[in-house]
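Below, in structure tokens: the form predicted on its own, a single chain.
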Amino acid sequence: MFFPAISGWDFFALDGSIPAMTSILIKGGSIITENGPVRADILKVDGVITKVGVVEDTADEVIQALGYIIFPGLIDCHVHFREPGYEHKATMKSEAASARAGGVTCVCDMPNTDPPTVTISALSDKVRRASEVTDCDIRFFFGVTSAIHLATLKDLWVSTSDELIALKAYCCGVKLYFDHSTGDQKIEEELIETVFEACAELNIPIIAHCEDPQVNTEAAKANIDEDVAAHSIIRPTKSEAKSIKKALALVAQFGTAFHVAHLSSKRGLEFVAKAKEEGLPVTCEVAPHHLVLSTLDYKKLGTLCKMNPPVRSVSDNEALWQGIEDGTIDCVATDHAPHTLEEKQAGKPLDAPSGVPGVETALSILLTRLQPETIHKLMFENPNRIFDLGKQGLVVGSDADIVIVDPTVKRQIHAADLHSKCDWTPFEGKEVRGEVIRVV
């Protein structure tokens, strides 16, 4: 197995010589912290921040950042980079470039690839592939659909083997699908409780796609409409709420650290808020598309706004924004899930694959409505803590990526300007604020 270092630098060239040091000085920017912006210079030497504050040193490159805001490399804790198995849709390399262009330099990739990430060999292969990607630090969720996968996960987590310890460092938790979505990774119903119990014992966070299969099946049987808008009826808010409620009962029983993926509805949010009030170890995320797209957008976008869980009502949008403001929602994660335009537009609308790209556009969408320090919590501080990613902020001694953003830019999103291999966006023409100037 091949396990590259998660971070760090090779200090010797192949000929044994010591390469020349490189330095970058960022002058006059406003560093975004959890407590707000702080005006300071940053000196980075050979990839490590050596000074923060008033810096008078010379450097190989000086970037004038007055009027710009500066984030540590942002974290998207829910992406589908499609590799291996679906490289015609996207690759780790193409989507990492898209992420970096949007200020995201660390992502957590989901297991529904081909083969799925449910074995040691599959996880090792993904780690090897990710080691060849320079734009982004890619971590991976392990999938569990059957008992053998749970046994493998336990072996990974408790092994004293140097190889498995190294591999475990790339695994940020377990992903469960309570109903089918892309990749058909639905967990066996009778296994769910056992997984919650085991993850509690081993201190492994669970992230779950929360939709109830019985509710979805009944809604699908009752549906007679073939228009894509029926997708939101076939997978109703009741499905999400019921699934979250069932999972939270297991959290209360076992104390498992539990994260609700792509929360989409006011009803689901209410269950999460109540669980937090009761002190349960539950966190949640919302995707940008569930903040700004609604069932009203089916008319314009058609299958380009088809995803699981589906878009909801405008009132659900506003409830989720409020959930961000009051702190109930912990993270914004894009559920970046590219498909080709041909796949999206072929055949019957309800048969089109679910999922949309979003990793490159998230920051600008959020800057249109939120304060930068709130974004820092949603896309750095909270996901870093929840999934124990070990990322450092913009402090002396850190090797953090530095994202320089002009917050004054007003622009429209256009697919032609983006880097995802799928070459389309559900946010085409949307007015947003902010533009990533540089990532160093």
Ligand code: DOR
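Just count from 1 along the sequence shown to find any residue number. Treat the numbers as computed from the prediction; the structure is a model and nothing was measured.
FYI, the form predicted in complex with this ligand isn't displayed, but the following is about it.
(request) Work out which of the listed stretches, 74-82, 272-280, 188-196, 123-131, brings a heavy atom within 4.5 angstroms of this ligand in the predicted complex. (result) In the other structure, the partner sits against 74-82.
(request) Using heavy atoms only and a 4.5 Å cut-off, determine which of 240, 109, 335, 95 is in contact with this ligand in the predicted complex. (result) Exactly one residue meets the criterion: 335.
(message) Looking at 262, 100, 139, 312 here, can you tell me which has any non-hydrogen atom within 4.5 angstroms of this ligand in the predicted complex?
(response) It is 262 that has a heavy atom within 4.5 Å of the partner.
(message) So in the predicted complex, is this ligand close enough to residue 308 to count as touching (4.5 Å, heavy atoms)?
(response) Heavy-atom contact with this ligand at 4.5 Å: present for residue 308.
(request) Tell me, yes or no, whether residue 355 is in contact with this ligand in the predicted complex, where a contact means a heavy atom of each within 4.5 Å. (result) Output for residue 355 is yes: heavy atoms within 4.5 Å of this ligand.
(message) Under a 4.5 Å heavy atom criterion, is residue 209 part of the interface with this ligand in the predicted complex?
(response) Output for residue 209 is yes: heavy atoms within 4.5 Å of this ligand.
(message) So in the predicted complex, is this ligand close enough to residue 303 to count as touching (4.5 Å, heavy atoms)?
(response) Taking the distances in the predicted complex, the answer for residue 303 is no, it never comes within 4.5 Å of this ligand.
(request) Decide if the three candidate residues 177, 181 and 339 all line this ligand in the predicted complex, where lining means a heavy atom within 4.5 Å. (result) Yes.
(request) Could you run down 92-109 and flag each residue that has a heavy atom within 4.5 Å of this ligand in the predicted complex? (result) Not one residue comes within 4.5 Å of the partner.
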